[in-house]
Ligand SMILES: C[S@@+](CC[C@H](N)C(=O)[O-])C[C@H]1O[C@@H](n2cnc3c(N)ncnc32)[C@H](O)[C@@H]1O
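One chain follows as structure tokens, the form predicted on its own.
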Amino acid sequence: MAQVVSDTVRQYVKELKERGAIKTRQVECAFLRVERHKLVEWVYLKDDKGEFECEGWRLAKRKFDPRKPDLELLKIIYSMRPLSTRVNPPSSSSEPTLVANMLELLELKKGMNVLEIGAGTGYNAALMQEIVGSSGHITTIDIQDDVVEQTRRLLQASGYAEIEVIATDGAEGFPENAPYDRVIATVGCPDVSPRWAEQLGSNGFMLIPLQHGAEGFNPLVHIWKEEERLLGKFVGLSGFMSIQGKLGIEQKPSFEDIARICSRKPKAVHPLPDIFKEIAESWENKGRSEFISFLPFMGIVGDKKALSFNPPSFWDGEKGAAIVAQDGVALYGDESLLDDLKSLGELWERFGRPGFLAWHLEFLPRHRAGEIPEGERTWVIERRFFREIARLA
């Protein structure tokens, strides 16, 4: 069995490298050393007859013994899929390609002090501990007491007793171990917590999946301090479930809303506006360059019309929804949604089809409202603690 596990892990890491998720030797070594299955005692799998429901899906609970691994479940654990480990409220081990991509973006070094928001199974914390080494330190926090108890126990059994697993609201951070070289959130965040900014070291940075639309559309934002300013830039995509606690808000729309809408027959299907033909084709063909370039524009300029990217969808709380596919725009609401969609596409075209790297972000505390800039290429997103100022280069 040990040989089967070893071969499975090596194949898993090989696939992550082939997909471009693992780029550096240090991240590759971490994935080879941390055995994901040792941090799992059960998973929830999609099953139409399952007794549990979460995010619009029926799920069945499957127990797993890390000491005597079931080969079918072992294959699932070392697949490229996320693992659902809790329902109502949910918790999970994220999709491995996303985990690897975020580790690369963190640029961790030996001796670093890291704060993680959202413990999950502890897999990401263990990977980070491998990279920062014995001279570094990982603090991971979670609001769910049962998650913390299980994760702490399994990390200790797997040889990572030095990782601190703390039960607290993620919005508070953990000031006892500050300042941090890195702050990473592994949950979708509707805002940046002021506590994270306070606890971040002057030369460190945060990597935050920051909501810019519907639940699950959380572009990865690299955020750093520059004198008294908090600046940011987009560096990738993610589809995390939403944070709980003080930062948690009612989503617009939720995963359940998206699943419910997509299960219905549309009121009408219209031909795609010209600009969206390229966007839809790039999504369907998995190249995704045009679609991904359009995402931050839609999430910022069209903020009041929330966005989902799986499937490519546009939502308005009053008008309904429009879902984009190669064969047309499916409308689940008012016909004027098609005009709204077309107008956004034309504006994106007029600005030169800006992508992720074209945006410069700044986060101003709400009490500094007088400093909000104005201009044709500047937009403001109102959040709970911060106003996000987004400028096009």
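Predicted, not measured: the structure shown is a model, and the values here were computed from it. Don't overthink the numbering: it's just position in the shown sequence, from 1.
What comes next is about the form predicted together with this ligand, which does not appear here.
- Checked against this ligand in the predicted complex, the residues 238, 293, 150, 92 give one hit for a heavy atom within 4.5 Å, which is 92.
- Proximity to this ligand in the predicted complex, defined as a heavy atom within 4.5 Å, holds among 113, 313, 101, 244 only for 244.
- Contact with this ligand in the predicted complex, judged as any non-hydrogen atom within 4.5 angstroms, is confined among 118-126, 294-302, 152-160, 267-275 to 118-126.
- Residue contact check for residue 215: none of its heavy atoms lie within 4.5 Å of this ligand in the predicted complex.
- Proximity of residue 141 to this ligand in the predicted complex falls within the 4.5 Å heavy atom cutoff.
- With a 4.5 Å cutoff on heavy atoms, residue 168 counts as touching this ligand in the predicted complex.
- Although the partner is absent from this view, residue 186 contacts this ligand in the predicted complex, with a non-hydrogen atom inside 4.5 angstroms.
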